[in-house]
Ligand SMILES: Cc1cc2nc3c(=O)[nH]c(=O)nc-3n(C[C@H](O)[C@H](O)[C@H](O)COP(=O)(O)OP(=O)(O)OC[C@H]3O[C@@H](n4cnc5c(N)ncnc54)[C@H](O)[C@@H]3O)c2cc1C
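So this first bit is one chain, no partners, the form predicted on its own, shown in structure tokens.
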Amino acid sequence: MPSRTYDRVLFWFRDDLRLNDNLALRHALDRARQVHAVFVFDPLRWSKTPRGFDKTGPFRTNFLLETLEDLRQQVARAGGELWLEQGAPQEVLPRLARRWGAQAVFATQAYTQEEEDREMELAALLPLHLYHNSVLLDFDDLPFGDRKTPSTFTDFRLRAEERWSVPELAAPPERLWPAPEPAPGPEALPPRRPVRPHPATAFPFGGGSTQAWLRLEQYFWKSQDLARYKVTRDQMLGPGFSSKFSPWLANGAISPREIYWEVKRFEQQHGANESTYWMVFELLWRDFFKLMALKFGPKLFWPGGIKGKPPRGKWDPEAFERWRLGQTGQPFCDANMRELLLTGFMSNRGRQNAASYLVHELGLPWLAGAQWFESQLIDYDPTSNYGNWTYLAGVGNDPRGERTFNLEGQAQRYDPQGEFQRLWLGAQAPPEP
């Protein structure tokens, strides 16, 4: 049956804030005469977590606004206009569709319950076309189906590799269309709190596709740090020890497929090694956690996790506050938590150790830690964040059960001279801009 051709549609930007390799946008352009770009500031994203934290803290808000400004300029160069509006998407988008005569909405599929609920409400009001647009693999081509994924990463990887399929990049838009009415003013933006990361941050980069590609150019082609990625990725200091792609991947300023095909191009010119494989390996982890969210739904956010274990941990607000502020007295944990507090970023090694200390040493509920990370991290991705927390707390996908880290041993291994700990334990918050 041939695809229906629409006269006018809305393209709902979500966590896919780019024009290049935007599969959902490509489908919209192929099936409609005119496409209007819309981003909705959903109040759900700026609400509170159950523990009372801002779901989207100031670091992540500012990074998103930088990304949207970069996207706005890209859309303008394509002849269009990025419409920004605050409100619930299932209310804003149908209202715009009625005013503008749009017959459908195209968007990137989400993988967690709150976002899926929005999709269902919207789909009840007008046609909604969703695509797997934030992942590496073609989920529709997996040998086990996206909701029957093996529940351990190793089994998933081995099964997926039986029929490996990474789609080619979707072509960028030839043109987009301006909105049929004047755009809202500054009131369309959420409040921007003045915040400036500490100058020693390991992520001194701005938001948007332009910055993402400058970083990729530096990391892959100028420094060729990709060739050493597996060796350096667990280091603690400076921007060069890992790729730092995660914030741009989280809001879709760059796609995993763009990174994958650049890895392949690098391998053609410089040869493949364990590090180039490991970059792809980490992209597979992102896919795995999204598939786990599809498979287990809201269980990912339950205290007992996807295993349905009895809840563990006793709430102690004073102990949690010491952990949150980096004041527990455990120097390696505290240094990492201070870095997060002052920059909105923390290394993967730091996250594992800080989470282990919260769960296994302090005996606090893992969900409280996951919610604090959600608020603070500029690279927050719901499936990866909560997937990793459940994994470490023993209620997720780890077949070995709980992951307990010896922080003294970890500090000796990854910060043998104590430079990282001295830096962040002595760091003071910079003055507000």
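Residue numbers run from 1 along the displayed sequence. On a predicted model such as this, the values are computed, not experimentally measured, just so you know.
This next part talks about the form predicted in complex with this ligand, which is not shown.
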Option from 119 to 127, 348 to 356, 308 to 316, 192 to 200 whose residues, in the model of the complex, bring a heavy atom within 4.5 Å of this ligand: 348 to 356
Selected contact from W221, W285, Y277, F144, since only one has a non-hydrogen atom within 4.5 angstroms of this ligand in the model of the complex: W285
Residue among Q34, N385, Q371, T61 with a heavy atom within 4.5 Å of this ligand in the model of the complex: N385
Interface membership of Y229, this ligand in the model of the complex, 4.5 Å heavy atom rule: yes
Close approach of L249 to this ligand in the model of the complex, 4.5 Å, heavy atom: yes
Any non-hydrogen atom of F245 within 4.5 angstroms of this ligand in the model of the complex: yes
4.5 angstroms heavy atom contact with this ligand in the model of the complex for F289: yes
Site check L377, Y380 and W389: each within 4.5 Å of this ligand in the model of the complex by heavy atom: yes
